[in-house]
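The chain that follows stands alone, in the form predicted alone, written as structure tokens.
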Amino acid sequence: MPENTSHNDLTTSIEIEFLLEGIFRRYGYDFRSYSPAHIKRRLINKMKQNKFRSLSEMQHHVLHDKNFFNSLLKDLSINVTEMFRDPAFYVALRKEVIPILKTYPFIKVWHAGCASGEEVYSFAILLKEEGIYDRTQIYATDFNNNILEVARKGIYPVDRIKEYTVNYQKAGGKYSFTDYYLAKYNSAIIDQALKKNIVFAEHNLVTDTVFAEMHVIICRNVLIYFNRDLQNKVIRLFNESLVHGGFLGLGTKETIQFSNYNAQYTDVNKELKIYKKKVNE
């Protein structure tokens, strides 16, 4: 039995390798350096849902059926997000980052891997309450254009508003969260005024180039799905996109500590993974 189990694991690993290589060559999406456990779990689930006998059988449909690939792309995307996720992160931004941003005549922010946009709008609200939204340009990017469409529309299930309101209050919100959305039927529609300085764009962290001269880059809970080499590659991308003195915000389980660029940053908030690029580099 152990030998058979090992054989099956090896076969599965080979099938995954071939499938990811095929996706990269056929569609240009590169998942080859994603966390193996994350990728395997998502692919196996997709295979079982569609009653394929093997990943090799599923590969045929992935490569020959664009609609099926698009549905798989949704499964491989990392779309777990919410308004004011990890409220302490926003409290730290208010106290330790915003005062410095207020000294700038114009501010450029990059939300990388923005998924369905909840955290982008959260930061927009924070900037608005601190009086600097009107001189800020936010670039919100993700590799999945389908999920970007959700972000552009800014329409979310109304049953999540209670949770979002609690997060907003814990994040140091200064007003009423109801000021920022319109409830209609079973949806909450984000205030259009929050969208005016946000550009949503397709961008692949694995294969695309820098967003130059950014003062703030926020990429939370994306790197945890990448292997160490890809993490280092993406942090290099962020480093080349940030101005000296710019800020980088990662997820609580992520770090630049083991990257090649750690020495170029100081900790703004070590626990909440907010870093500042050194000015004298």
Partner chain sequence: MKPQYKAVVIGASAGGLYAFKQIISVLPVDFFIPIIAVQHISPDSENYIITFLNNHSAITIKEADEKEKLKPGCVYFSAPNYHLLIEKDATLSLSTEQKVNYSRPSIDVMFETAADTFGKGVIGIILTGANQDGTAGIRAVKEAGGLTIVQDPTEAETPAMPKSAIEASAPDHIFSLDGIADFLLNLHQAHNKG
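Residue numbers count along the first chain shown, from 1. Fair warning: this is a prediction, and the values are worked out from it, not measured in the lab.
A second form of this protein, the form predicted in complex with the partner chain, is not displayed here; the remarks below concern that form.
Tell me, out of K51, R26, H64, R41, which residue has a non-hydrogen atom within 4.5 angstroms of the partner chain in the predicted bound form.
When the partner chain is considered in the predicted bound form, the option within 4.5 Å is R41.
Quick one: of R135, K170, K153, K195, which gets a non-hydrogen atom within 4.5 angstroms of the partner chain in the predicted bound form?
Selected residue: K170.
Flag D267 as yes or no: does it have a non-hydrogen atom within 4.5 angstroms of any non-hydrogen atom of the partner chain in the predicted bound form?
Heavy-atom contact with the partner chain at 4.5 Å: absent for D267.
Within 4.5 Å, heavy atoms only: does K253 come near the partner chain in the predicted bound form?
Yes, K253 lies within 4.5 Å of the partner chain in the predicted bound form.
Do A212 and the partner chain share at least one heavy atom pair within 4.5 Å in the predicted bound form?
Because no heavy atom of A212 falls inside 4.5 Å of the partner chain in the predicted bound form, the answer is no.
Could you confirm whether I218 comes within 4.5 Å of the partner chain in the predicted bound form, counting heavy atoms only?
Outside the cut-off, so no.
Go through 224 to 232, 240 to 248, 51 to 59, 64 to 72 and give me the stretch that gets within 4.5 Å of the partner chain in the predicted bound form, heavy atoms only.
Careful reading of the contacts points to 224 to 232.
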